[in-house]
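Take a look at this single chain, the form predicted alone, given in structure tokens.
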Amino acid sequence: MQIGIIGGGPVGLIASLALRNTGHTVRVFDPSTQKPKMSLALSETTLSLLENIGVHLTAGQDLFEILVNEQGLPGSMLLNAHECGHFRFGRVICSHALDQVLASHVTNMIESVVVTKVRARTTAGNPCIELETGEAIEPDLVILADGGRSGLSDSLGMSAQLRSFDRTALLGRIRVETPISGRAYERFIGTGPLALLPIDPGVYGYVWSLAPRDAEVLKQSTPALLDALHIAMPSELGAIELVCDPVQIPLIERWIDQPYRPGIVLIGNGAQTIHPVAGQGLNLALKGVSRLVDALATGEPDTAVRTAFVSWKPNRDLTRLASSSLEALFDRDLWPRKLLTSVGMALGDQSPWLKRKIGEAGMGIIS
């Protein structure tokens, strides 16, 4: 099958490798753009997919523990992979490191050219990709993996629904004095969830949900950001210093109810953008990629796309609900709420069954 992929981010590149490995002919179109460095928490299902397509990661840190707690209160829940019956929960890696590994596998597949127009399949012929060079190609299937930035999905009548959280994510990396090897943190501190991910020895990536005004103030002042992080972080990590300048991203949930047209399918952030609090955006997208690759092995393109989406949609809906609910619940600095969640985590910490289920959900083993 001839397949054209528009977008050379992690989702597009992984899809191209998986499809090529199953015998399809793939062309990838992606003009070079500067992408911000982000910390990616890769689930076990994502790591298995990468191994199956020949991508072996050495960068990053394996994730063995996740400590969930409420700042200023004693209740907490410690998820330990070994206690849950698994070697690890996944692996944390810098997005640029993942991009470099993937690019080394697809060097001859990426064409640095702008796609100007995409046309869906008609009774007269295949879908069409028009390039700025004037070339037009008609593959059997077009996969849009450009994050919705190009406007191509809008031109096809696939308009997204939007829901603003009225929050801003502040992302960056810090070096800590006393790192706990393989331990990530999910901290609820009143201003919004703060996730800390071990990305390199002594270095953590952070994702902090804040009111837009607070995020802007912290981004503009390094001393203010360091002071705020020092207060918000667990004391066991010791002194901290910034490794890079923070990046701001408005938190907006975005989704398309039916992200496909005849001969065309959207994957990745173009089809859905979820809250980053649980770090499941990339993992969710790649579950969809796996379903699509499997379906294309047994059916013609349009039937395969519908089959894959119907199979994957319940997982998308559940992940969206869980991620947005965490933000809605934990951005409220109310003592009754904080007390209840603190007690709930303390009780949950005594349940091996519950901790195993939570851990396996994050690993992608269950939904």
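Residue positions are given as counts along the sequence shown, with the first one as 1. Note that the structure is predicted; figures quoted are calculated from it, not measured.
Only in words, not in the display: the form predicted in complex with a small molecule, which the text now covers.
**Student:** Could you tell me if all three of V11, L40 and R149 have a heavy atom no more than 4.5 Å from the small molecule in the predicted complex?
**Tutor:** Result yes, every residue of the spot touches the small molecule.
**Student:** Please identify the residue among L225, V115, L156, A160 with any heavy atom within 4.5 Å of the small molecule in the predicted complex.
**Tutor:** It is V115 that has a heavy atom within 4.5 Å of the partner.
**Student:** Can you pick the one in N269, S290, N126, T191 that has a heavy atom within 4.5 Å of the small molecule in the predicted complex?
**Tutor:** Looking at the other structure, the residue within range turns out to be N269.
**Student:** How about S32: is it within 4.5 Å of the small molecule in the predicted complex, going by heavy atoms?
**Tutor:** Yes, S32 sits close enough to the small molecule in the predicted complex that at least one of its heavy atoms falls within 4.5 Å.
**Student:** Heavy atom to heavy atom, is L196 within 4.5 Å of the small molecule in the predicted complex?
**Tutor:** Flag for L196 set to no.
**Student:** In the predicted complex, does I3 come within 4.5 Å of the small molecule, counting heavy atoms only?
**Tutor:** No - in the predicted complex, heavy atoms of I3 and the small molecule never come within 4.5 Å of each other.
**Student:** In the predicted complex, does L171 come within 4.5 Å of the small molecule, counting heavy atoms only?
**Tutor:** Flag for L171 set to yes.
**Student:** Only one of 69 to 77, 212 to 220, 107 to 115, 82 to 90 gets a heavy atom within 4.5 Å of the small molecule in the predicted complex; which is it?
**Tutor:** Going through the listed ranges, the match is 107 to 115.
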